[in-house]
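Consider the single chain below, provided in structure tokens and representing the form predicted on its own.
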């Protein structure tokens, strides 16, 4: 029996349950459908950086499989039509957990069964299905720490190997990868990215191997240092499913068993994998997470619509070096260090008074790892409006954050080179440097590097004043209840 295997965010061959099970039944027709959001009603289109990654990931997968049908359109029509054309007796895929995907997949599954085809979906993206991890009361977890405690000691299914025998059925259907038009043109803002990233399943495994051997040690203490290499950079590989959480879990456990002295680092890293898991579980339970406040009282916050501030933030021209360094790293590489993501997010929300939704949208367009669940949950976490959120009154001081996590200034000097000759003492607050120090470093504030677009103390007071509206709305709801 011919089985159609619909690839989505699972662009790998090993530990791919849908492919593994389909290979047992006979010939396989692998297909990927690129869905244009304007044609499918998905309100969260794939960003430009993610499209770049997707192009190269599909290229790698096609090379591994030997053949991959590429189609563009609405999967609700494309998948049934292709199943008819190739004479498939079954259609298998691995599950996605956002609201749009669930609604789409449910309809496709019903239509295929009406065609008397066998239809199966599998879990390839998560350690546990969202409905498998519940509180004692049977509801979903809304706080991370209890979630972590509930899953960290559970048995994790071992990752599946690649199918031993995989027969790909010849199929003349489909388009070329170039037809999908995923790469940027006029201008090609991703020039040089191929040297920064090794996209695909093979690259993901190589990156994990390098991290475990070279950068896992001291991860717990150095993961917050953007000037240090002790981060995995696996997030885009995870997002596109070039590697699975199960594969990572198993290999980290093996490394800790072989090298017990890295166990604290290993468990800290695994807790970050579970934070991703938690975000996906939250998105499953609250599909409006990407565009609606988890805590409805935040609907009362008086957000600013200052386009000048938003543009300065996007371009890394705020006058706060650690913020500007992060935003420039993002634009030039499609990636930003996690600690710096929190700093720049806090700055947008609490210094500039701009809604987290603007930040979520910018990250979704510019990050190669723009995962809908992680991106939405993390932005709402910083804003204070989400599940297990940081308190709104926790407002990062960008000067202190820079000095603490980039103490030698290496990160800022790399991404904000106009400050590279300034003494480290003043690097994270050049506006406080004596005139002679700025002159010695060839810095003319307001010309060669911007003056701060907002005053820290004033912005902090304005943010807390705005939060009073949120507390008032919350108190009103509680009294009405």
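Quick caveat, the model's predicted, so the values are computed rather than measured. Residue numbers count along the first chain shown, from 1.
Form predicted in complex with the DNA: not shown, discussed below.
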Can you tell me if residue 275 lies within 4.5 angstroms of the DNA in the model of the complex, counting non-hydrogen atoms only?
yes
So in the model of the complex, does residue 471 come within 4.5 Å of the DNA, heavy atom to heavy atom?
yes
Can you check whether residue 396 is within 4.5 Å of the DNA in the model of the complex, heavy atom basis?
yes
How about residue 55 - does it come within 4.5 Å of the DNA in the model of the complex, if we only consider non-hydrogen atoms?
no
Only one of 235 to 243, 396 to 404, 70 to 78, 360 to 368 sits within 4.5 Å of the DNA in the model of the complex by heavy atom distance, namely 396 to 404
Which of these residues, 169, 339, 109, 295, gets a heavy atom within 4.5 Å of the DNA in the model of the complex?
339
Students should find that, of 141, 128, 381, 335, the residue having a non-hydrogen atom no more than 4.5 angstroms from the DNA in the model of the complex is 381
Contact test, all of 392, 456 and 460, partner the DNA in the model of the complex, heavy atom 4.5 Å:
yes
